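Listed next as structure tokens is one chain, alone, in the form predicted alone.
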């Protein structure tokens, strides 16, 4: 293992060195970073030009400057990063600018990437299991359309209909009964297509979905929920139970009593903790309290699996622990929604609840309420996250569908079915694992690209992340800034590609990383 990682690191290091040299030369020779100052002859401009020429070492040819930069960048290995200064950012150290931009980019693109993987893989699996059905044809057609859409066009449409029009609706929320009925019909059509089966099952599924959806929307309209939304203990209970059922289904343990008891006990613990946590969230108004609570609830799930898991104790502990950690999000969401009324009063009226620009509301950046700041950041994340997800989900859907269809035709899958195993077990335990092997490569590339940011999306939504930083460096011929972004993205690409290789052996026991 160590030998494999070392060889991969040495090989990729050589590639990074060559690529960094090419990028440095191209950027350095693409223009003059002091071009604006050279047109001014006043004493202040002349003095500033001389100072920046000395700081940037512009008197040295770019070929030799590259090796000076390489020596400074190598100091990052020992924790003393010196990547120079950025002229376009007021002589700000590049390392400082990269730190701020990475934080902004990760909060945007990381969430979109994770959600795209989860939803894209889930949709791709359902289309593969419903091959050549109307649902499969519809999703396949939609995936091709969304995958080919330009991101800037999607972002503009989301601004218009996802923010401006929706904010108008929130100003005077009202859902007529016929709108609720139409939404119910559309959702019923989608759900029955996903469930599939014979005609009677489809009609029953569609009828239940239609009634429930229409009734819920009419109830929300009557109670004016959209004007003053809340979740409360009832909402937390519903979400936690749904999450527990989903975990049992995904792990093919929906009918096993020991797993039902383990996950059920964890869900009950989440619901029981709702009231005492109200006091904890109030007195410990700190983001660090969230992972602490998640660890505690996950620990409760592990204990539940240990005592109730029976012969499958180890797996029950894992499933219940993951359920407990994920269920923490329902408690966090409840706390955020509780601040809705206060948030609406504090934000600028012209902006609306769903914001179209920036990562946060400037007037709330230093607000002492952690949950209010989280709610503000969430409303700013909705549109850019949706824009990135629409494109990414389409790609993951197609990759997953083709991969699962190939796996389902393998001999070991037919053998598992011939042994009488339930279809859910065949799919989730035998086929799904091998389906993820080619997906792991794509995920590695996407996570490596996460650090590089999304230039177009960040520009449309005025998000100051790594993409905007790279664009700024190129436009102003800021070599240090461009090379700083390149260094971070290059190292990230190397790291995640090695993780992908290691993931292959974890997903498929037949794959082993040898020392040869």
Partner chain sequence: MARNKSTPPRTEQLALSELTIEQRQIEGLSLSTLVRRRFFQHKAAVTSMIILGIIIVLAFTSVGTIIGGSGRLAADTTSGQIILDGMRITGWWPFDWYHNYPITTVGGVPSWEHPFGQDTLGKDIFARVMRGIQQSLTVVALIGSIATALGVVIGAISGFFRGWLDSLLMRMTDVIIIIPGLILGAVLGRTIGGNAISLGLLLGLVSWTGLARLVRGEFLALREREFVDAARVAGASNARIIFQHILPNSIGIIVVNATLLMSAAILTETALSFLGFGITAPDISLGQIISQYNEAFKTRPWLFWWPGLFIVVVALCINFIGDGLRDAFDPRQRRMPKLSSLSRQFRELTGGGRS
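Remember, predicted model here, so these are calculated numbers, not experimental data. Numbering follows the first chain given and starts at 1.
One more form of this protein, predicted in complex with its partner chain, exists but is not displayed; see below.
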Contact stretch among 140 to 148, 278 to 286, 197 to 205, 291 to 299 - heavy atom within 4.5 Å of its partner chain in the predicted complex: 140 to 148
Going by heavy atom distances of 4.5 angstroms or less, which of 15, 499, 507, 9 would be at the interface with its partner chain in the predicted complex? 15
The one option of 26, 58, 462, 70 with any heavy atom within 4.5 Å of its partner chain in the predicted complex is 26
Verify the contact flag for residue 249: yes if a non-hydrogen atom of it lies within 4.5 Å of a non-hydrogen atom of its partner chain in the predicted complex, no if not. no
Although the partner isn't part of this model, could you tell me whether residue 46 comes within 4.5 Å of its partner chain in the predicted complex, counting any heavy atom of the residue? no
Using a 4.5 Å heavy atom cut-off, state whether residue 50 contacts its partner chain in the predicted complex. no
Decide whether residue 160 counts as a contact residue for its partner chain in the predicted complex under a heavy atom distance cut-off of 4.5 Å. yes
Which residues, if any, of 189 to 226 lie within 4.5 Å of its partner chain in the predicted complex when only heavy atoms count? none
